[in-house]
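Encoded as structure tokens, the following chain is the form predicted alone, with no partner shown.
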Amino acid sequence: MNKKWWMESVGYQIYPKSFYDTNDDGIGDLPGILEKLDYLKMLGVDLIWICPFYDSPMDDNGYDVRDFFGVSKEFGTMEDIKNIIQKAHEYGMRIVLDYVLNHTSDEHPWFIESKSSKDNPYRDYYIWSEGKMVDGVLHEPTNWGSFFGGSAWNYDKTTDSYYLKIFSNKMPDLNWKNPKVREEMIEVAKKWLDLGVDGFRIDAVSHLDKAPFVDAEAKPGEKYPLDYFKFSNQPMVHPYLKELNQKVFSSYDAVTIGEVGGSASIEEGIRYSAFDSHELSMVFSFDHNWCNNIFEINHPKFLKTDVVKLKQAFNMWQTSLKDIGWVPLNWFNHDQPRLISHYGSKKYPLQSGKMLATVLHLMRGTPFIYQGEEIGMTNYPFEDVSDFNDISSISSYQHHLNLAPDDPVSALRIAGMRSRDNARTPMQWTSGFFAGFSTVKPWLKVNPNYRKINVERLLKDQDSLFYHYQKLIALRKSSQYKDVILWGDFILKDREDQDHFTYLRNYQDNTLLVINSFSQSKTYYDLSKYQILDTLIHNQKKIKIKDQKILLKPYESIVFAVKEKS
């Protein structure tokens, strides 16, 4: 294995709009990131992933790019991002940007030209199709559903045609079959790499190729079925990425991390990111993101984690890429609920937060922390549909309201539990007005628990979640156990145990035993097979071992250096 710098890094994802506001407009900005680099250095991270700040009409908070070479005025200027890159490098940090390949904004100059006429030189930059007549009525080319609800096609009257848009109407999909499109996107990557960025998180990378335009199978009464396979992980994605790697990525010491949604299998993950694939460095998967009953309930108090399923999801990626690739490690990102609310405990937030952090950071791979995760931020308590900003959350609310028109409360709870807005509420820096994020009302409401959960308060408490994350990062970076954490084999134990997530890490003569309890009750774990040599990190004050069994309190987590008994 050719060891790379990004394998030894710990990442931190920043959602700029919600990170820190310096110009008092209620919106986070690039100078805010620059000002908080000292905080991130104190935490110990050294790989900063910054979500889109490009010029955009903000239909999807920046993922609808109007100009790949411009900075949206609410975020700052090109000088600001240059300053961030320079200061981060001085601190020994690397910068990764979102590289949005699948689509642009409908306000991008390419699309404005593309829709102007059928013979425009930019027409084939996007995916256009004629509608179909059914019983004298014009319909979309196919019945494909969009990720954001409704049809995946949008009608444009200028040329009496439909364009494909698997996200919002304002985010038309690029036509990657067109070599000119690929050349344009190659230039986008080169410009930013030449400016000094250290790589990319590649947004929606699995959607670059589409299936033939044949209707998806629909359930009774379903008008627009969402069939991921119609535009996910189609065959030509891989040649496109090999071309990008050959013409751009391989010429720079850059890390590339693909977002592979759409039910990507482990086999697909290997095709994207195996060391010999010549495509990407790593891929984010979502197999571990929904290992609970969130899609079956109408109230968060009924949430229950399927620990066996969760272990299986992590184990699959850990073992399948053991000798042939590398994985990024993350609990969630800007599109998923907050960790404590999703897999943690409202009754034991500190203990469960520390336990969940330990589960992830002792695995093989490159960990990524999402902003606010390190202080235990939680889901927002939505009280009205007007609290939502995210278009997919509003769509979800309306969908569930249509199913049960007499129960708007349940519709709100269901949409709220899964809402992407949960991860996007402003970062909670202090107990002051607007959580120290801004001096004015923020673009999205601040979680009302900010007086208790904020950076300022946690930095004063040596037992806080922040310092647990800091210790986990230090173990990976500079402890005597660094090599076993970085390079050791991952061996899942107790596969069918619904209470405990335990695994071993083996490297040369070193073995770590990582024990994590998901139980809200006291449990026991058998240690009779191990000789304990050292304790690396623990989320409780005392260790209780009797008769070769450790008594675990609710959500207790502990890492031992051990020697297995023969």
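Position 1 is the first residue in the sequence shown; the rest follow in order. These numbers were taken from a predicted model, which means no experiment stands behind them.
The form predicted together with 1-deoxynojirimycin (NOJ) is left out here; the points below concern that form.
The stretch in contact with 1-deoxynojirimycin (NOJ) in the predicted complex, judged by heavy atoms within 4.5 Å, is 416-424, chosen from 377-385, 299-307, 416-424, 84-92. Taking a 4.5 Å heavy atom cutoff to 1-deoxynojirimycin (NOJ) in the predicted complex, the contact residue among V260, M171, L356, I369 is M171.
Among the residues Y162, F167, F249, F75, the one placing a heavy atom within 4.5 Å of 1-deoxynojirimycin (NOJ) in the predicted complex is F167.
Although the partner is absent here, F148 lies within 4.5 Å of 1-deoxynojirimycin (NOJ) in the predicted complex, judged by heavy atoms. R201 belongs to the set of residues with a heavy atom inside 4.5 Å of 1-deoxynojirimycin (NOJ) in the predicted complex. Although the partner is absent here, E268 lies well away from 1-deoxynojirimycin (NOJ) in the predicted complex, with no heavy atom inside 4.5 Å. 1-deoxynojirimycin (NOJ) is not shown here, and in the predicted complex it never comes within 4.5 Å of any heavy atom of F53. Contacts to 1-deoxynojirimycin (NOJ) in the predicted complex (heavy atom within 4.5 Å) from stretch 101-116: H103 only.
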